[in-house]
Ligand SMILES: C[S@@+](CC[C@H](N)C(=O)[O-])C[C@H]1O[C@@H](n2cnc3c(N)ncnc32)[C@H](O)[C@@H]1O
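Below you'll find only one chain, the form predicted on its own, shown as structure tokens.
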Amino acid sequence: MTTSHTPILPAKVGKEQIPLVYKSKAAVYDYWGRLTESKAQARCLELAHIQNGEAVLEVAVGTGLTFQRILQQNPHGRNEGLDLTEAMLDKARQKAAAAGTTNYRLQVGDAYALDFADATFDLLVNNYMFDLLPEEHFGQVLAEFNRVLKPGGRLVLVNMAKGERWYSQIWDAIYRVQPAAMGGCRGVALLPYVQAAGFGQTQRYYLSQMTFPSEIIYGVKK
């Protein structure tokens, strides 16, 4: 199930390996993020349209580049952030501490089993995580995202996409040879999975930054 005739490459970095891979990248990840992902993350927040006072969850906060901006836009709301890697969370905590608010929590957490009650959040944001996961797990994780969102809650996802220009396809070529060099990320096409998981009003946007291709997907829980 993809939006492209090109199949999604298999995931090659297992869930148990992710904390170790990203521990080694924590010190330099901000440089990579600003060079190749910042435009997609900015579009993510535009689509999220955060209203101050909402309950917001970011799954896979990484070093907190997006979470810091969520705090700035939602200083009177509830802000929760999860990641598998403690070293990445340490970076995120430093940024959050500089945001000027204390109404947040950052903790180790698992996207497959979110430790929150049903219908808790108005908004769930998730950047560059599904491009790590096995394709057969997409539906399971999206069902969990759906569970913790309120009816009418918004979902915004950003992932590495399949390159639409020849020069953007170099990233999947690197992944084929050395997946750890890509942090385990390869191009995915998530829109049909989001729709199948019970989200409506879906929108998909594609952009390329420094040749790195990203897709931004928006949906609303029915």
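The first residue of the sequence shown is number 1, and the count goes up from there. Every value quoted in this text rests on a predicted model; they were computed, and no experiment measured them.
Absent from the display: the form predicted together with the ligand. The rest refers to it.
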_Quick check on this chain: which one of L123, A96, M88, L142 has a heavy atom within 4.5 Å of the ligand in the predicted complex?_
M88
*Have a look at V148, L106, L84, L71 for me and say which one sits with a heavy atom within 4.5 Å of the ligand in the predicted complex.*
L84
*K15, Y22 and A60 all contacting the ligand in the predicted complex, non-hydrogen atom within 4.5 Å*: yes
*in the predicted complex, which of the stretches 44 to 52, 163 to 171, 29 to 37, 188 to 196 has residues with heavy atoms within 4.5 Å of the ligand?*
29 to 37
*Find out whether any non-hydrogen atom of F138 is located within 4.5 angstroms of the ligand in the predicted complex, and reply yes or no.*
no
*asked:* Considering non-hydrogen atoms and a 4.5 Å limit, does the ligand approach L65 in the predicted complex?
replied: yes
*So in the predicted complex, does A111 come within 4.5 Å of the ligand, heavy atom to heavy atom?*
yes
_Please determine whether M129 contacts the ligand in the predicted complex, using a 4.5 Å cut-off between heavy atoms._
yes
